[in-house]
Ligand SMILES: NC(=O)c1ccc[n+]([C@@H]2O[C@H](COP(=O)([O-])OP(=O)(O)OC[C@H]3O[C@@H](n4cnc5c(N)ncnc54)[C@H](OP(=O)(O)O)[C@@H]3O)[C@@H](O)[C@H]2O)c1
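Just the one chain here, the form predicted on its own, laid out as structure tokens.
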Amino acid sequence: MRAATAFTHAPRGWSHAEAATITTAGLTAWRALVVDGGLKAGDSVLVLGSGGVSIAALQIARMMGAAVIATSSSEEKLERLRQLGAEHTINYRQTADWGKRVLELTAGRGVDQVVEVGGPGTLAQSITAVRVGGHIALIGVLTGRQGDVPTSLLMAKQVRLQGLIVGSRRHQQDYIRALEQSGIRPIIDQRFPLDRLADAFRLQESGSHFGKIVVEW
């Protein structure tokens, strides 16, 4: 029974490659925004970069009727993020204090939720960007595993900072139902055969991908 309950149905009509994006990136974004964050229509969400979790979060936020602000260091990626529905985009290389820019874009209020994938190198900016009483889902540590946290600002804003990794089977089933109703499909950057696994990792290491990288048997 344990093995039988470890699986869920894939969304109807999805390929194996598309379904493979659900269990980590997609499910993590769903839990961050919907399960733990209580996302609702009219909310605002900040996503960092254009990796698998961030793209899935953007899609989920738009599906739920939320506004999205997205960051990237690439103008080409920022354009693609806008095409996916980001209302505002910020080039974080050109705007070092992007947290303050988010405040400007939200008339000083800050966003309701931040999908934080950078870790210690970006967390201070995310705390600046989020509203009083907002939610930051700490998912990634791309800038390292340890670092300084502006605890006074975190306390003053009464921010809920929550670390998380993926989600439960029930969360995944709920997410799949939402995907089927919305018609959203995952963004796959490139597909590699198994014998080119090293090339897939090189692409990921380069950071030039947009969305998910898939390895197929």
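One rule holds for the numbers: they count along the sequence shown, beginning at 1. Keep in mind that what you see is a predicted model, and the values were worked out from it rather than measured.
There is also a form predicted together with this ligand; it is not shown, and the following applies to it.
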Using heavy atoms and a 4.5 Å limit, would one call Val45 a contact residue for this ligand in the model of the complex?
-> no
Answer for Val117 alone: is it within 4.5 Å of this ligand in the model of the complex, judged on heavy atom distances?
-> yes
Find out whether any non-hydrogen atom of Ser73 is located within 4.5 angstroms of this ligand in the model of the complex, and reply yes or no.
-> yes
is_contact(Leu33, this ligand) in the model of the complex, heavy atom dist at most 4.5 Å | no
Would you say all of Gln59, Ser126 and Gly134 touch this ligand in the model of the complex, counting a heavy atom within 4.5 Å as a touch?
-> no
Would you mind checking 160-195 for residues with a heavy atom within 4.5 Å of this ligand in the model of the complex?
-> Leu164, Ile165, Val166
